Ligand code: ASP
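Take a look at this single chain, the form predicted on its own, given in structure tokens.
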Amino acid sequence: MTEKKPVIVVHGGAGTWQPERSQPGLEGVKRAAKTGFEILRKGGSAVDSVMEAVAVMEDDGAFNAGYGSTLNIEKQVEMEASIMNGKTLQAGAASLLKDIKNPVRLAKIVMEKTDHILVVGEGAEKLAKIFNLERRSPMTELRLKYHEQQKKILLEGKFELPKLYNLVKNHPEFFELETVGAVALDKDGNVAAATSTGGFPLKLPGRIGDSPLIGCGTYADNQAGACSATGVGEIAIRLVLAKTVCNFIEDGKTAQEAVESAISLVNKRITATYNSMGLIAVDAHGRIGAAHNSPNMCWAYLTPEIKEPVASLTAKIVK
């Protein structure tokens, strides 16, 4: 079998990237792409590549994942993550995590060390303890400040919680929906995807988004490709968006055509609510895709042909 040229694509989230956060965001996705690609360059697996790339962003503080995760309505953090191996279709995910330093590492433990796919809450915390995963308070001063601003707008507008979408639509500058994710193809032709997030700001306790749901926020299959989603989780869940992208690839579309088609589907089918979404993908041939309908998506990619990651705050915007 001929060796494939490895490739990695990462995202730090779709939404509105404010100027004070843009530079740290771009630097963060570059670091993540470099870290993940170095594993591929040395012959490592796509699974390890996406896990380490996502872990870099979880540690960064510039993203809504891991350290710096957003707070729910009760001022608590509930993080979630998933990972999937396109060769075996094995997957692992964890959710409702309070202080796990790297939720994506716990997702990989669920995939490789248990018979399950999704473990949440107390059970996930116990599993993390068994495998000696590092703990770290994810709360930052910035998130606490944002939380106060968000709560103020919520109370002023007398919005009910189910109408959070309207609130976000009217005040996008106060709500970062950024999830982080990575997709990769290794030299053996295997693809993988991983996604991690702190979730929707001011969400109800116990809310689970698309990031830990296989097929919604994350999907990988060697017969097609790999995809990671960012944006409003409920939308990705309704359209099983990551799997939809992979289905498009399997039907003959390139990775780029597939993500654009999926964002078009979002625009067409879910119009009544705030529908901000972004997608990255890689297909089995190593072609990459990135598209969004939000003002920005912070993302980067790296291939053997280039020395440094290419990073941007926009990809193909599909209206």
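Quantities reported herein were computed from a predicted structural model and do not represent experimental measurements. Numbering starts at 1 and follows the sequence shown.
Heads up, the form predicted in complex with the ligand isn't pictured, but that's what we're talking about next.
Looking at 128 to 136, 228 to 236, 84 to 92, 115 to 123, which one sits within 4.5 Å of the ligand in the predicted complex if you count heavy atoms only? Selected range: 228 to 236.
Although the partner isn't part of this model, could you tell me whether Thr218 comes within 4.5 Å of the ligand in the predicted complex, counting any heavy atom of the residue? Close contact is absent here: in the predicted complex, Thr218 is far from the ligand, nothing within 4.5 Å, heavy atoms only.
Test of understanding: in the predicted complex, would Phe200 fall inside 4.5 Å of the ligand by heavy atoms? Phe200 belongs to the contact set for the ligand.
Is there a non-hydrogen atom of Lys243 within 4.5 angstroms of a non-hydrogen atom of the ligand in the predicted complex? Lys243: no contact with the ligand in the predicted complex.
Within a 4.5 Å heavy atom cut-off, is Lys101 in contact with the ligand in the predicted complex? Heavy-atom contact with the ligand at 4.5 Å: absent for Lys101.
Output the sequence-ordered list of residues from 294 to 308 with at least one heavy atom within 4.5 Å of the ligand in the predicted complex. Result: empty, none.
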